[in-house]
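Given as structure tokens, the chain that follows is alone and in the form predicted alone.
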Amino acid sequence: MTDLLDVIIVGGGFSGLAAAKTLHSQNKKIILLEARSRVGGRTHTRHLPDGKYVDVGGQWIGPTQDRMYELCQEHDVTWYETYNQGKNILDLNKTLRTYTGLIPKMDVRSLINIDFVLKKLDRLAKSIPLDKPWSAANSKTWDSISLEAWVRKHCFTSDCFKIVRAGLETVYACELNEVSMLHALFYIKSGTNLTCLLSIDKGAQQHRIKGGMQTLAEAIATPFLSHIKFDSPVKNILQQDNRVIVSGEGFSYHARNVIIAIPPVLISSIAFTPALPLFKTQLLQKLSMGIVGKVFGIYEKPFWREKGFSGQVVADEHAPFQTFFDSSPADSAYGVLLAFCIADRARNFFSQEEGARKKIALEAFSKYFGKEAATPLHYVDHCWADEAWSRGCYAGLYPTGVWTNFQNTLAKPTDLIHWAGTETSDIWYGYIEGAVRAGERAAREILN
């Protein structure tokens, strides 16, 4: 007779770790199966040979992400302010200009238009019930059009459209025609509001983790590290006789319940017996992942600060990257410029060889910050769509029709199978906070 566990958790990202932490604290017999050789999922702190590090995955926390701050305090993990002083750069129509604050300096008509579009999105998002976005008064209308269709209709100048598009691509990690307007509004409300999603100060990019985000993931995992099996991708899940049998190459475990905490696009790589319900399989066929690349120049010091620059850039579609940030460590012992390469720009950039990518990147870095930017100590880039166990970032995308047709199908338990992952959270969907909340919720479903 195989030893019967209480719960098997599939996936060692923040959602799986949060579920495991909750269950372990209640003395449940658990095992966590992780396909990678590390915890952290869509967060990953890459350490370089000389001791420097960069967060190639999720790296920020901000106001209203209460569970993340509580976890940091509980595990003595320190956070610090994202650098946000000095002039920002706008690269628009092949012309560079500087500005301060959130909204760039432009012609008055475009500025008024940008303000109108962002405030209207926020106003519409307020009406979305987070637990039932499909029940909003205009849900069918909003779910029948893409975010791009709505944005094009409400941007009256081409410059307004270019800036709004660059900002929203950075928020959603996709082309604006890849998500429904209803999903876009749900996502805004889920992350407090659009100003919060776009901002550093009092926003989603306010704080970073000292030592990198994986420091927190590893700290959470430490008490139950002996219950984690790495390099263990799950191939089969069989439900029979009030138990679940979860197996893969060289392992098979039996439990009363299972929590699946992996990106939706990976679920179809598991063979389920009996098959998942039709609604669930149909929904999973319709969800794709966003595409994000992070591109880093690592320097002896953050030299741009001495020149009065924040390290922040917003660029229209003629540039290879949408946005830049100063991603230096807490002590500024070295300087890190981070460029976000998203959606079609990412598909174009990452289809080239690394040497070509580095050349394109350093030309862009030099254009914005001068010749010092052309010679970093290290160049690092990372595309999450290339990772077999993520296949994209930040999160699963709901195209037109999916919210209203499938509603909360993704998070609904399937007999003994419970579902986690940031995509099953109604608060901070797509963020690490959402992943943690979803993992804790799935664990509570089982405990209750």
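Residue positions are given as counts along the sequence shown, with the first one as 1. Remember, predicted model here, so these are calculated numbers, not experimental data.
The discussion below concerns the form predicted in complex with a further copy of the same chain, not included here.
Note on the interface: of 415-423, 24-32, 42-50, 379-387, the segment with non-hydrogen atoms within 4.5 angstroms of a further copy of the same chain in the model of the complex is 379-387.
In summary, among the residues S366, N193, S247, S288, the only one with a non-hydrogen atom within 4.5 Å of a further copy of the same chain in the model of the complex is S288. Screening F116, F350, F303, Y99 for any heavy atom within 4.5 Å of a further copy of the same chain in the model of the complex leaves a single hit, F350. S144 belongs to the set of residues with a heavy atom inside 4.5 Å of a further copy of the same chain in the model of the complex. Using a 4.5 angstroms limit between non-hydrogen atoms, F279 touches a further copy of the same chain in the model of the complex. Within 4.5 Å of some heavy atom of a further copy of the same chain in the model of the complex lies at least one heavy atom of R152. Using a 4.5 Å cutoff between non-hydrogen atoms, Q65 does not count as a contact of a further copy of the same chain in the model of the complex. Residues P399, T400, G401, T404, N405, F406 of 399-418 are found to place at least one heavy atom within 4.5 Å of a further copy of the same chain in the model of the complex.
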